[in-house]
Each structure stands twice: as C-alpha cells, then as structure tokens.
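Next comes just one chain, in structure tokens: the form predicted alone.
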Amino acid sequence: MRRLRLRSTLIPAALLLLIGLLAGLSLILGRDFSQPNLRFLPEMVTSVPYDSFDDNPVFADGKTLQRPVPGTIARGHAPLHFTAGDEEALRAGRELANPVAATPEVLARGARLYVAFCQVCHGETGIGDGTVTTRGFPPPPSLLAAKARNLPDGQLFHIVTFGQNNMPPYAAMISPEDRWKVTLYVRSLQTAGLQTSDLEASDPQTPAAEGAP
C-alpha cells in the first residue's frame, strides 16, 4: 500500500516538474512572432516552380512545356471530326444537326455576326451583292437560291467552318456555337426572301419583268 501511495504521489510531481520546465523554456527562449514557425517537409508546402520554357529535369526531354497526350480535348471545346472538302461537307450535312434553338436572342446574335463577317460579300439580304462585289470581287451565289435553301444545316455549318471556293474558313474567328447561330440567321434570310418573292408574285400591282408577256 505504501508503494502505491508513493507512486501516486510521484506521478503528479513529475508532471508538474515537466510543465514547469516547458514553461521556463518558453519564457527563456521566447518567440519572434515576425518569423514563421519551423516547417516540416517544406517542399510539401511550396513546390519548385518552373516557367513554361525553362529547362526541367523532371521530364525525359528536359522541357517544362509538354505536348498534350493524344486525344486531349480543350476545356469548353467539343471535337469536330471533319476536314475541309466537298465530301466532308456532304457528310457534315448528313451527320450534324443544329443544337441551337432559333430564339430572338439567338437570331440577334446571328445577325450581328452576319453583318461582321458575311455581309461584305453576301449582302444585306443574302443575294450576293456585298460591297466587295462592286470592287471587282466575284459575287458569291445567292443564299436565297434553291440550292442554298436545300443545304442541310450541318453542311452550312461546315462551309462557315472550313470555307468553300472563294469563301475563307471562319473557324478561327467564330466559335462553333456562333457558327450555328449564323446558320440560323441565314435560314431567316431565306425565309424572308421566299415570303417577299411570294408577295411580289401574288401582287397584281407588281410591274411585269421586261420582255414578259
């Protein structure tokens, strides 16, 4: 019993002594609050930075900037598995469908893009009488013609993307979603052109063309 009592007395005394020593050390050593504490494994906190064009011993070729692995898709960009050419344009017409609905906001956006990129050649109404045609550039076919009206949306999208004949590609300047919006605006021009021609044909006051019976 005396041993148990002795041990129970010594344990609190040892703890008090240890706490006292720690308190004394903290008072003697103090702490400089203007300096950070010691860090364990600092490399886990702050990694070694490499600029894009710096040499880098981590990679086998010694370069920091690496090519993306095959099949990588940029964030926000859906892949377009088509190339330029008439056959590819026909395939796009068969396989692609316009994912954008023809809302007033979409058509307004398509109209702005049409004015910025298309009107200079195709003209305000799409008949191919743009400004460049008055300065020696060959006029493009009318977008109101039956051939253009019968083109599927996917084929029109392909033409805007990769160009055709004298028309340059616009993939680098117009996003895929905006290309679909331009396609919808072209459809609205075609509809307006058909309605105008129907009204003129049914209006008895419309003057007959020269040479017509």
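What you see is a predicted model; the values in this text were computed from it and never measured. Numbers for residues come from their place in the sequence shown, where the first is 1.
Another form exists, predicted together with a small molecule; not displayed. Remarks below refer to it.
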Contact flag, residue 168 vs the small molecule in the predicted bound form, heavy atom cut 4.5 Å
yes
Within 4.5 Å, heavy atoms only: does residue 147 come near the small molecule in the predicted bound form?
yes
Give a yes or no for residue 92: in the predicted bound form, does one of its heavy atoms lie within 4.5 Å of a heavy atom belonging to the small molecule?
no
With the partner left out of view, is residue 117 within 4.5 angstroms of the small molecule in the predicted bound form by any non-hydrogen atom?
yes
Interface stretch in the predicted bound form with the small molecule - options 181-189, 65-73, 50-58, 32-40, non-hydrogen atom within 4.5 Å
181-189
